[in-house]
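Same chain, two versions here, written out as structure tokens and called structure 1 and structure 2.
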Structure 1
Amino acid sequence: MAPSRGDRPTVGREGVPTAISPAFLMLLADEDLAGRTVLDVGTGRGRLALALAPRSGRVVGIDRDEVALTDARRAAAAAGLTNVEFVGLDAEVGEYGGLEPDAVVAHLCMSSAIAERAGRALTRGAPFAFVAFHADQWRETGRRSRFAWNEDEARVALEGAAFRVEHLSVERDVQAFGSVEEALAAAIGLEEKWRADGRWFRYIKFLEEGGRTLTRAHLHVRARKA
């Protein structure tokens, strides 16, 4: 199962990031997408799809969240973008070949199943670029996210899907707090989810033992079909 919106970092409401990582956009900046079809996996409200549309031939965003896709379509219409479409599709169940992508991208929606489907859909030399949670994401909770990857795991998954890794880096943001109250305030948007899966109590324990940090960590990858 791909990451849900609620498991994403607390940058905006309910942990949903308010923007695509600038470092990730820079990673894609030198990729020639003119005249090409770009598939945005787990598009959500279409932030990445809309960002890439002006320099792509066609962008197709897929997601199983129809409410988010409705918002994405409205945003595309408001921006006057006519080369973007959004399709309801489970990224880990459906195949991508029928969409005929020349490139596949994903922002905080990554799994081995997605890598395998991208590998089957893309032709030799085509790019696959994504941002995933790194294993250090929320490390203060003492529990690794089921959607997190470390560098070796990403390489193994990509090589298994017939990709050659060109770029792999980790973007970390370690917030340091002067008090328990500040630390709790920074994580308040995740309290409900963390209480449900046990991480909230682990984070409280970390704070009680003197910890005063909260780590966000993302893995940025660009690979190419071998």
Structure 2
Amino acid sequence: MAPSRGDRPTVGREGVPTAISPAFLMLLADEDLAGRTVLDVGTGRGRLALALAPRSGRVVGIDRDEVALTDARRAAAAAGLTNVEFVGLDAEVGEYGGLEPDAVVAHLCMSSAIAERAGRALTRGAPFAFVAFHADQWRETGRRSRFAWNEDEARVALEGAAFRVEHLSVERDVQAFGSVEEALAAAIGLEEKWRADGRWFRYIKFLEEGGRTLTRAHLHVRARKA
């Protein structure tokens, strides 16, 4: 995709896009979730859980961040959704079987441990759909997200967890800036997080060396239990 010249704020403070990608929601559009239990792994403030609740039997969002879960419960109540619940659970330690999911989804919280647990909890034919950070996400900062995969890594992890991949694509946006100031402004909401994890100084170095881009890249996947 050609670099885009943009000043739109597409990420929030945690580097999370401000909206669930419509292309990802389209991957779930044909899935019959009525009467079914959907498990949203790493639900955070429940954005994906709340988006799916109106067309699902029941949605369970799990996360280990109790503060985010409190916000999620508040948002569900404000939206008048009574078929959503939020449970504190470490998604890479606990098992999902007790939650009896008919489908597992995840938005920017993915790892082999999560794929393995989804594979153990779902029955044959059940869907597993997620957005993960692609390995190229913020490549200018020289450091991969813990949740980042490239296409091959995703396929290996999914096949290892007994899934058949139906769809795998990369949504990529390379912002190009005319000046260092523009490039810094685009990352302003990320500075605190990036300072803490060492990315900030590498981004500054990239800009000092003449770089003027910032890449966002997400993997969109729909798989089915084999």
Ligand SMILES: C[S@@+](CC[C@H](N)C(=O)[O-])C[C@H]1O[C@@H](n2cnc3c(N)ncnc32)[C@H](O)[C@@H]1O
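Here, rigid core means the biggest group of C-alpha atoms that superpose within 1.5 Å across both forms. Structure 1 provides the reference sequence; residues are numbered from 1 along it. Please read these numbers as outputs of a predicted model, since none were measured by experiment.
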Form selected (criterion: the form predicted alone)
1
Residue 73: CA shift of at least 2 Å between structures 1 and 2 after core fit?
no
Can a Cα shift of no less than 2 Å be assigned to residue 145 between structures 1 and 2, given superposition on the rigid core?
yes
